[in-house]
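This document opens with one chain alone, in structure tokens, the form predicted alone.
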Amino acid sequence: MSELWDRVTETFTALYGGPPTHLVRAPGRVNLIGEHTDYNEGFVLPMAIDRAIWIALRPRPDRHIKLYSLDFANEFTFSLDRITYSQEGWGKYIKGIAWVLHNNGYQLSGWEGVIVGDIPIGAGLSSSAALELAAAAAFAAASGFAWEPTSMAKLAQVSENSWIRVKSGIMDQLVCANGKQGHALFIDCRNLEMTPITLPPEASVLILDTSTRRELADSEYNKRRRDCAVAAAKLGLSALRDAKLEDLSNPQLDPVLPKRARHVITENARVLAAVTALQSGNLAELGNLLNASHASLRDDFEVSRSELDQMVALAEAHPDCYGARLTGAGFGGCVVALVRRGAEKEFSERVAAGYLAATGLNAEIYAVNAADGVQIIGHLDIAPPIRKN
């Protein structure tokens, strides 16, 4: 983390001729279990991770936004007096947040900044939600309005749905804003109640990146959401949260809709069981639930692909792995695995070698820790975090 702190502040000073007044940090997330349940008003169990997007910034005397990306080596600028939609790559996320804040009555000031991150893009670790929340935090710092995590998460979801045009649920933004170090968040996506769940010290959470990517707006993500909405409507329900397995025999459902509904129904049950397993320290049961979640995503929700299935199979076959599943929307990206602490290196080497032999692709495998949510740092005379060797 201190490396990104150093890079973003040093680049800011060199680029703008003076130090920033604020730093903001917005983490990515990994979802342990509860996939495609958030927009069905169901249950999820994600955690914010210690990979994040950082913005160093200071206010401007005008109403312009000027932001340089270290990752893309380019600059994005626009005026707060003319927020118009266009496909502008990463910059459209910044503009979308300005748009939604303005529409909700926030008085915005201009600012200039430098942005950098270490969340893989398109990997299912919520780089887009992190970017949205980082932008919202930057506007709060520059404009002087109070930071309220859940309110900002809701507005970031509106931007994602209406500006970015991906009909995502609330989970990603909510956990990025409200994450708690050392804990997963059990979230009821109907009432947004959040309960921190302590993660077990005897297990590590590993990310297994398949080196495959997807673009949510161009994938079948929105189609899956429509399937769920249609299924709920035909069952006379406001959301599939309220569906039961016996409802699946309803003749109003065409052949594919019962499969979509079955995933949501059983996945909600798995999340509740996973919380109980974590609270009782039953890692074997938690692993079984992860494995069952992947099978359901593959067979009923049909959002997996051969590389994800191969990675999950290799992870499940390892004796020190409790369980594994695709994480994120699917169609590419990453697998999350729960692995016995101390076995991370041997597990990673064996699984990566097997994956390369099976697919010809190199996998990046690394451990992540549960981190706090969005942070706004306004006193930059403090020392950066201590480096870990």
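Please read these numbers as outputs of a predicted model, since none were measured by experiment. A residue's number is simply how far along the shown sequence it sits, counting from 1.
Form predicted together with a small molecule: not shown, discussed below.
K.L.:
Here the chain is shown alone; which of 315, 171, 274, 231 has a heavy atom within 4.5 Å of the small molecule in the predicted complex?
P.N.:
Result of the distance check: 171.
K.L.:
Name the residue from 39, 322, 355, 68 that puts a heavy atom within 4.5 Å of the small molecule in the predicted complex.
P.N.:
When the small molecule is considered in the predicted complex, the option within 4.5 Å is 39.
K.L.:
Please tell me whether any heavy atom belonging to residue 46 falls inside 4.5 Å of a heavy atom of the small molecule, as the geometry stands in the predicted complex.
P.N.:
No, no contact at 4.5 Å.
K.L.:
Does the small molecule get within 4.5 angstroms of any non-hydrogen atom of residue 27 in the predicted complex?
P.N.:
Answer no; every heavy atom of residue 27 is more than 4.5 Å from the small molecule in the predicted complex.
K.L.:
Considering only heavy atoms, tell me if residue 221 and the small molecule come within 4.5 Å of each other in the predicted complex.
P.N.:
Residue 221: yes, in contact with the small molecule in the predicted complex.
K.L.:
Is residue 338 near the small molecule? Define near as a heavy atom within 4.5 Å, in the predicted complex.
P.N.:
No, residue 338 stays farther than 4.5 Å from the small molecule in the predicted complex.
K.L.:
Pick from 328-336, 357-365, 344-352, 53-61: which stretch has a heavy atom within 4.5 Å of the small molecule in the predicted complex?
P.N.:
The contacting stretch here is 328-336.
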